[in-house]
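This document starts with one chain, in the form predicted on its own, laid out as structure tokens.
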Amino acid sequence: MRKRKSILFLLLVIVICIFTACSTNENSEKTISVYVGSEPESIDPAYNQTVDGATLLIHAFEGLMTLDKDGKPMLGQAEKYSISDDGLTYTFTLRDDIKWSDGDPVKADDFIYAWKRAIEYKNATVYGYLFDVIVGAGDIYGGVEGVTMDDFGARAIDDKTIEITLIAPTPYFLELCAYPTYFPVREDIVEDNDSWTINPDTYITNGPYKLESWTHNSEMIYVKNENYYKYKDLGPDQIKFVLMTDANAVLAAFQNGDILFSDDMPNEEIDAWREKPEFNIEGELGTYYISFNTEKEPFDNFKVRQALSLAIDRNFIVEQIGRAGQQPAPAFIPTGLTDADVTKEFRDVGGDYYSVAKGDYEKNLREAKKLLAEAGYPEGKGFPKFEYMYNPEGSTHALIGQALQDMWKELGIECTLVDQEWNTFLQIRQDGNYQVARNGWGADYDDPITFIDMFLSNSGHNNSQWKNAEYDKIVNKIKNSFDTEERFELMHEAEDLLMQEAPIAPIFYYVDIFLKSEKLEGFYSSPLGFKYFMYSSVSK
């Protein structure tokens, strides 16, 4: 009897151990853990301005349209749509089976409310200008006197029908309808509740997943939304978005199997991982650049800005720091976008604004010194010491900052490096309380205007505080143009002015680097940098 009890006890211990191991496995068929970024600044569709924040939003919300695996717009909350012959009026019909995560039906008014909220002048959303293509929206967002919401060209005809009138044919409008800023929100949840996104009980969403818990600076747990119309097609029951700031810790978590995906890794590890099957490089429509605060001396002088830009050895940065195939940027708008003639790229037609050939750096440096002297600072004499601000997440930004510091010393000028935590960094840069800061921009949709209209005087993304009436006039013409060739001619004209005035200094064009476990299947990403886990699974 005693022997039998021992065997039974041993079997019980084994069963408990197996059960415990299974229950604590964070990456099973039903649960996946991934890393896409640190603590988000906002998960409000109207206020998010980051790529990692957008990844969180596309799992929680859905627009009239959504993006397929190739980054092309397809029907989302809309069952169908029609476009008038003149290309100015879009009519969307909502699906009958769409609901919010609390079970209430999604209505046309939920979209209209969200859009009006984003363009309301008093709300000061950074992305409100994305609605400029809709009649009245630009004036409302700009706070033009006498213009009211009654002038907004989008309306709910009934609970299932939305009619939108554009100021001009907009080839990328369906892509806008898939963008997070165009997602719906519920007025009864959002109005007069600034903390609605913080509490999972009030974070009512209409997308494939819903927020179950949020341990700040640690993790966000998303679970399947049982009210989502494609619920049966969804993958993992639970997605854990881990929130970390240290690239080395993220890599260690990936190596240990604690996470199956990492959207970051230490630069010094790239060469060691390059040939491994988990290492991925994909194209991305984006530019890494520097913002000069044009309202602060001496950066209010365009020759100073041009000089600092020319003194940058872009080849050194991409080869010795980036190390992943980034392209030195001879202009702001990156490669990968077509021109009016779709057989040509916008960048090829627009050309280069300075040489990024390796053999021309010394020539660029001589021109930079000449410009600095013309600005009143021969050999850097009298140039005030200034700060270069960056966020410390990962190692890239710090290494680039150190490189820039050394390169600008060649002009006889000196800067100090200042790092700020991500959310603090975003706020300081947006408020204009800096001198020079690192920046980056990824396309919101497949059209060059996404890189151009961010420098409008009233744009929330115009971190350089640069205001140019002629530039605003050109962009307004672009958005009101009915002629494709004219649009692109004007976009090239706008980039000419931007690069001449140099409120920014492009450094390189992005590539998307990430680590993905071979066990993670069904994952995909878009050229915008958004990551899609809702249809993924874990192989055994």
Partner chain sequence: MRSLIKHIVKRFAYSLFTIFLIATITFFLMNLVPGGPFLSEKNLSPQITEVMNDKYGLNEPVIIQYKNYMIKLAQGDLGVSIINKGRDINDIIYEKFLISAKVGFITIVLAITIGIAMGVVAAISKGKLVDRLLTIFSTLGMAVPNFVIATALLIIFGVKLRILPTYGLSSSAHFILPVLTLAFYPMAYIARLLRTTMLDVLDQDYIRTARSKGLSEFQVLVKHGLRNAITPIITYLGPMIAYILTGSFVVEKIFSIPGLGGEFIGSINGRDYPMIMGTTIFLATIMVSMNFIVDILYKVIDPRIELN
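Values in this document were obtained by computation on a predicted structure and should not be read as measured data. Positions refer to the first chain, counted from 1. Whichever C-alpha set is largest while still superposing within 1.5 Å between the two forms counts as the rigid core.
Separately, the form predicted together with its partner chain exists; it is not shown, and the next lines address it.
- Remark: none of the three candidate residues (Asn301, Gly322 and Leu497) comes within 4.5 Å of its partner chain in the model of the complex, counting heavy atoms only.
- Interface residue among Gln402, Ser84, Thr148, Thr424 relative to its partner chain in the model of the complex, by the heavy atom within 4.5 Å criterion: Thr424.
- A heavy atom within 4.5 Å of its partner chain in the model of the complex is found for one listed residue only; from Asp97, Asp194, Glu226, Glu414, this is Asp194.
- Though the partner is left out of this view, Tyr354 does not reach within 4.5 Å of its partner chain in the model of the complex, counting heavy atoms only.
- The shortest heavy atom separation between Ala137 and its partner chain in the model of the complex exceeds 4.5 Å.
- Using a 4.5 Å cutoff between non-hydrogen atoms, Asp258 counts as a contact of its partner chain in the model of the complex.
- Asp446 falls outside the set of residues with a heavy atom inside 4.5 Å of its partner chain in the model of the complex.
- Comparing 194 to 202, 360 to 368, 69 to 77, 152 to 160 against its partner chain in the model of the complex, the single stretch with non-hydrogen atoms within 4.5 angstroms of it is 194 to 202.
- Contacts between stretch 242 to 280 and its partner chain, counted in the model of the complex as any heavy atom lying within 4.5 Å, involve Val242, Met244, Thr245, Asp246, Ala249, Ala252, Ala253, Gln255, Asn256, Asp258, Ile259, listed in sequence order.
- The Cα position of Ile290 differs by 2 Å or more between the shown form and the other one after fitting on the rigid core.
- After superposition on the rigid core, the Cα atom of Ser101 is displaced by less than 2 Å between the shown form and the other one.
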